[in-house]
Each structure stands twice: as structure tokens, then as C-alpha cells.
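Before any questions on how it binds or moves, here is one chain, the form predicted on its own, in C-alpha cells.
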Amino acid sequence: MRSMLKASVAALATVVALTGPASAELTGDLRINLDTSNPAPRATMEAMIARFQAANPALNITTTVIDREAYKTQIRNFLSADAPDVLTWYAANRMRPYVEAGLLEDVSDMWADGTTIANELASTKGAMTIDGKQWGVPYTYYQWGIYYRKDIYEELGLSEPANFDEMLSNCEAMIASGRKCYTIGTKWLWTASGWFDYLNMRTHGFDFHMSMARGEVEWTDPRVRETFENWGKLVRMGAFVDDHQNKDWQQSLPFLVNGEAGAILKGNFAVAPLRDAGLTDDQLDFHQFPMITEGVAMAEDAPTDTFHIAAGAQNKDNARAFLAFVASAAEQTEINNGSNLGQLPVNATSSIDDDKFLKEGFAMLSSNSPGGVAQFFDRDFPAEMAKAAMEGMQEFMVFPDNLDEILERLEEVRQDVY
């Protein structure tokens, strides 16, 4: 009995440390819908809700966990017919249909200049903004960027490129050494679209990229062609591994591990399999995708998971209190640590696990992504447009001379989709 009591006291101390004293105890109800059905995310969310409950013992919290895939088909129905107070979802254009349908609550007051959220979650404000208003708060994300063989760069006398010209120069040296610059597997089409995201955002900026996602820019627009022409400089010089269209992203990793390619553009999820394959942190390093057009603010791909308040919520004050709790530095530190989600807190004042790549990604997203945070091509663009575009991107990487035909075809799809 004594050991159980000690454990309870320790647990309570943890709750107090993480939540801090409540300014006013909440009462009434709070209904939360979650799509975090996989074991680790589910346990993380349930523990977080338990801490909020401990800080507000008079509050009656009801949590419903729905399978992630089923959630995608059910969200519109439950927002329309039986709205919870709080729900999980995704940022940027993934929330747009529900914003435009009037199903999500405007929480711009929580993002007002000078507020804690505005100050500490600034890197994702653009991703949470539609029509000049904010519609939720983020709780986790992870970085994309270029993971490279530091030992090979040092062997060839190369440095992390500061701009696209240096990136191309590095690539020429890599090819001259008998290696490819970048490994990639485009059998799963989304891998090619990561290159389009970065080339487009570095050439024309985040706002232009999001305008494309909303269907406001023709695929035959000269600016889109310029993005592909920059990409074509890499394709035509032989920067990418051969036969990539028949490899998935995991099958592309051995080229980096074996030193046949110098780098890969990928999300942080690639680090674990690269480590498992034998690369040490002395061999593997990370850098931000370099500048292309001077003066264009750096924007990043950082898929972001979010909490929202339903427009039909019955307990909006309690819901706002919960969102503020989720956005806090202490909570984002806890839920994103290696024992829980193992990702990055969005709150710039949070702490992160002692991991080289998480630290580099956190620094980049917190302090060097003023242009905005995109959610990745197939999250930002409507599904039908994304599928056709990614097929075109894969084709371009194999047959760059087909660009005119590809862009004309994608423009036809844009007119149908939007």
C-alpha cells in the first residue's frame, strides 16, 4: 500500500509540474473526438487528457477514439449532426472544407498579437490561417529537409549549400566522383512531390504555393514552368539515382547507406531506418533546403496535427481552455518526447529530446521558417489534383522533355477539380 501511495503522489506531482495551477477550475462537460487510434498516439492523448482532468476535477470529460481511416469519412457527419467540443485534424488546406462549410470555430482571439499562442506557435500561424482567421492549434509536427553523408561531403571538400547555385555545384562534384547527388524512390508518387514543394516554395514562396493548392494558378503559368525548369537542372545533370520510378522510398535508402548517393530529401522518419542500416550520427547530417530566389522567405514542409473546436460545440469555453492547455510549452514537451509521439513540439519554448536531428529540425522550424509551414503536397492539394500532379512529376523526372504535355494535362485536371 505504501508503494502505491508513493506512486500516486509522484503522479500528482508530475501533473502539477506539467499543467501548473489552474487559474479557475472548470465545470460542466467537454466532449473530445480523437483520430489517434494507433497505440502510442492513443496512449499519449489519453494521458494528456488525464492531466487536464486532474487540473479540473469537476469537469466531466468524454473521449471518443475513432479509427484514423474511418475518422476521415466520418468527420463531416459528426461535425454536422453530433458535434463534439474538440476534435483532432490537420492544418492548412486539409481543414479548408470544414472551415468553408462553417463546421469549425474561429479561434482568432487565441492567436491575437501578444498572446502566448501567437508568440510561441508563430511558425505555424500561416498553416492555421484561412481567410485571415485562425481555426485551431497545432500540437505536433516534424521536419523535412536534406539528410546527407557528411563524411562524403568532407571527402569531396563540400559544404552545406547556402543557395541553389551552390547546391548545383555540389551536385556536379558528387557526379564527378562517380556518385549520384540524391537518392529517391518515386514508385510511391509522394516522394517526387516533396521536391516540387521545396523547389516551388523556394522559387516563388509559400503564398504562391498555397495559391496553387487552392486552384488559383494555372499549371501552364510561366511561374510554374520556372519551378520545373529549376528541377530540370537537377534532372538533366543526372542528379537522381537511376530507375527511381521502380523503387519505393525504403528501397532508395541503401544508395545513401552504401555511399552511392550523397543525400536524400525526406522527412525525419527516414533517420531511424538509416541508423538501423548502420549510419552513425558522425556520418549522417541534415541541412535546410537552400534558397533559390533571393528575398523569398524560407518556408518548410512540416506535416502538422491539430486540435479544433467544432462550430456546433456546446461547451466552447471549456474547449478553448483545453486548446490553450494543448498549446502550452509543458504539454508539447511531454507529448512529443521519445516515449510518446517522438516528434517535434510546435511551441518554440518547449524542450525536446536529446536527439541530433530533432534538435536541428526544431531550431529550423522555430526560428528559420518565416515564410510559413506547408503540410506536404498531397495534404495541401485536393486528392484528385494531387494524384494527377504527382503522376506528372514522376513522369517529368524520367522524361523531362515531356514538360509541355504534362503541364497542359495538369491544367485540364485543375479546371475539372476546382
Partner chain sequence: MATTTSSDHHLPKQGWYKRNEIAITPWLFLIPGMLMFAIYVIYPIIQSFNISLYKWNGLGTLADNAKYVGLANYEKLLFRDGKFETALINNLKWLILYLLAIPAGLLIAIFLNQTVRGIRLYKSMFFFPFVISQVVVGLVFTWFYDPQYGLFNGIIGIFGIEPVNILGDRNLATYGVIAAGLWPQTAYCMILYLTGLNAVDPEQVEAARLDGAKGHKMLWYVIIPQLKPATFIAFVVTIIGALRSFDLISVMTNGGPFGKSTLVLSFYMYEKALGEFGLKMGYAAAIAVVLFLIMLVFIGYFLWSMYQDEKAAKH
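Positions refer to the first chain, counted from 1. Not measured: the values here are computed from a predicted model.
Only in words, not in the display: the form predicted in complex with its partner chain, which the text now covers.
Visitor: Of these, S108, Q245, N163, N340, which has a heavy atom no more than 4.5 Å from its partner chain in the model of the complex?
Guide: Contact check passes for Q245.
Visitor: Which of these residues, M390, L30, L365, M48, gets a heavy atom within 4.5 Å of its partner chain in the model of the complex?
Guide: Selected residue: M390.
Visitor: Closest heavy atom of T293 to its partner chain in the model of the complex, within 4.5 Å or not?
Guide: Judged by the heavy-atom cut-off of 4.5 Å, T293 is well away from its partner chain in the model of the complex.
Visitor: Under a 4.5 Å heavy atom criterion, is A383 part of the interface with its partner chain in the model of the complex?
Guide: Contact with its partner chain, yes.
Visitor: May I ask you to state whether F255 is within 4.5 Å of its partner chain in the model of the complex, using heavy atom distances?
Guide: Because a heavy atom of F255 falls inside 4.5 Å of its partner chain in the model of the complex, the answer is yes.
Visitor: Can you tell me whether Y153 touches its partner chain? I mean in the model of the complex, with a 4.5 angstroms heavy atom cut-off.
Guide: Result no; Y153 lies far from its partner chain in the model of the complex.
Visitor: If contact means a heavy atom within 4.5 Å, which one of 282-290, 68-76, 230-238, 194-202 is the stretch that engages its partner chain in the model of the complex?
Guide: It is 68-76 that comes within 4.5 Å of the partner.
Visitor: Using the arrangement in the model of the complex, list in sequence order the residues of 326-348 with any heavy atom within 4.5 angstroms of its partner chain.
Guide: Sequence-ordered list is empty.
Visitor: Comparing against this form, do D248 and E69 have their CA atoms pulled together or pushed apart in the model of the complex? The difference is 3 Å or more.
Guide: Between the C-alphas of E69 and D248, the gap narrows in the model of the complex (3 Å or more compared with this form).
Visitor: Can you tell whether S211 sits closer to or farther from R76 in the model of the complex than it does here, judged by CA atoms, where the change is 3 Å or more?
Guide: Result: farther.
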